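In the form predicted alone, a lone chain appears below as structure tokens.
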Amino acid sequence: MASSSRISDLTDTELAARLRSPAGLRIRLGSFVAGIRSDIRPVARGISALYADFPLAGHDEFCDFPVELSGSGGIRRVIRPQAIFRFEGMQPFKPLPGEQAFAMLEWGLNWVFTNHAQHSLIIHAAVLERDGAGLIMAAPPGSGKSTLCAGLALRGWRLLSDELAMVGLDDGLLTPLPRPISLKNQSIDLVRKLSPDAVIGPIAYDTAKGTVAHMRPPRASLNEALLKVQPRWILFPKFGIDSPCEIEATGKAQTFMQLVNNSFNYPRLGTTGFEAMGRLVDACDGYTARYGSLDQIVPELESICSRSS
């Protein structure tokens, strides 16, 4: 099959066979190639639903990140089955219940990129693009950034990533890594109401993060997954129930320190990371935002970006 084919071109039988093959299912994730091996049926169903528009990589192409998600052996295959994530033979996490297997795949891929894609400054942030300029939304878990990211992506913003801002150490540009958008708890139904056409994958209950599901990324974002973006805005969002919408500009020093607090590899990069972070902050306008609904924040945010683009 030509490397320009997509996951949706595979039948369910072909997809399962590739997942079980020694090389795994080769998927192109932006400029990277992941090889996924799994014998767990929910993983195949999740990939079929959420990675349908992703391009397949050729069998002869170099695989940047070979990962495996397998079921437990022995009696655990029948009674309370578990899912085990491995990367290059390592098992970085404890096993999770089998019904959380697809969510574990997504979390595992996040871990792989944050720990092994060290050619970039990596920040825990959602990243989108509008009119050629990049918006970085950096925040700790529970701040509502993924829900806001989904809302903007459904309004036509180009998705670069739901989880990772990858800032080039040399050029300062944002490297796209569009993958399914993580949704938790009430956000799942909220996104369904925003767009009946949004594709929501398997739901994992009772995880460490609550109820978790993922939304399929827009196909248009995948079609431009090799196009880097100049960063323009940095936003530190914070959702609060019944909170009024308040957006304030932040100074360069405050923006710098908040980004450092949300960075995965800033200390590891040393002087190189300091210089890359400084260039990023200098290139962007910084804001903090509190809000109580997407109806509040999205128009205000789009207005700010329109005025300063």
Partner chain sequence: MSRKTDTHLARALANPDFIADFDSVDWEALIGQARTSDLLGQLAERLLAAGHMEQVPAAVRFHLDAALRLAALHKASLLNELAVIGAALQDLGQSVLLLKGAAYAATGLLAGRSRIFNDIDLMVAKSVINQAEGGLFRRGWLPTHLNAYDQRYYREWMHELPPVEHRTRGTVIDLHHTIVPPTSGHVPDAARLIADARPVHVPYCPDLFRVLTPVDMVMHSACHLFFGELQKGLRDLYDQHCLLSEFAAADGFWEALLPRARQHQLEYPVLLAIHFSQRVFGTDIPDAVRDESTRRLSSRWTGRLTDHLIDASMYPLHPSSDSSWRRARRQILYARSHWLRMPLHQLLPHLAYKAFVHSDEQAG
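No experiment lies behind these values; they were computed from the predicted model shown. Numbering follows the first chain given and starts at 1.
This protein has a second form, the form predicted in complex with the partner chain, left out of what is shown; the following refers to that one.
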4.5 Å heavy atom contact, residue 242 and the partner chain in the predicted bound form: no
Residue contact check: residue 52 to the partner chain in the predicted bound form, 4.5 Å heavy atom: no
The partner chain contact at residue 66 in the predicted bound form, heavy atom, 4.5 Å: yes
Residue 88: touches the partner chain in the predicted bound form, heavy atom cutoff 4.5 angstroms: yes
Contact check for 145, 216 and 285 against the partner chain in the predicted bound form, heavy atom at 4.5 Å: no
The partner chain: the contacting residue among 223, 186, 118, 230 in the predicted bound form [heavy atom, 4.5 Å]: 118
Residue (of 194, 96, 169, 133) lying close to the partner chain in the predicted bound form, criterion heavy atoms within 4.5 Å: 169
Contact stretch among 152-160, 195-203, 169-177, 124-132 - heavy atom within 4.5 Å of the partner chain in the predicted bound form: 169-177
Members of 33-64 lying within 4.5 angstroms of the partner chain, judged by heavy atom, in the predicted bound form: 59, 60, 61, 62, 63, 64
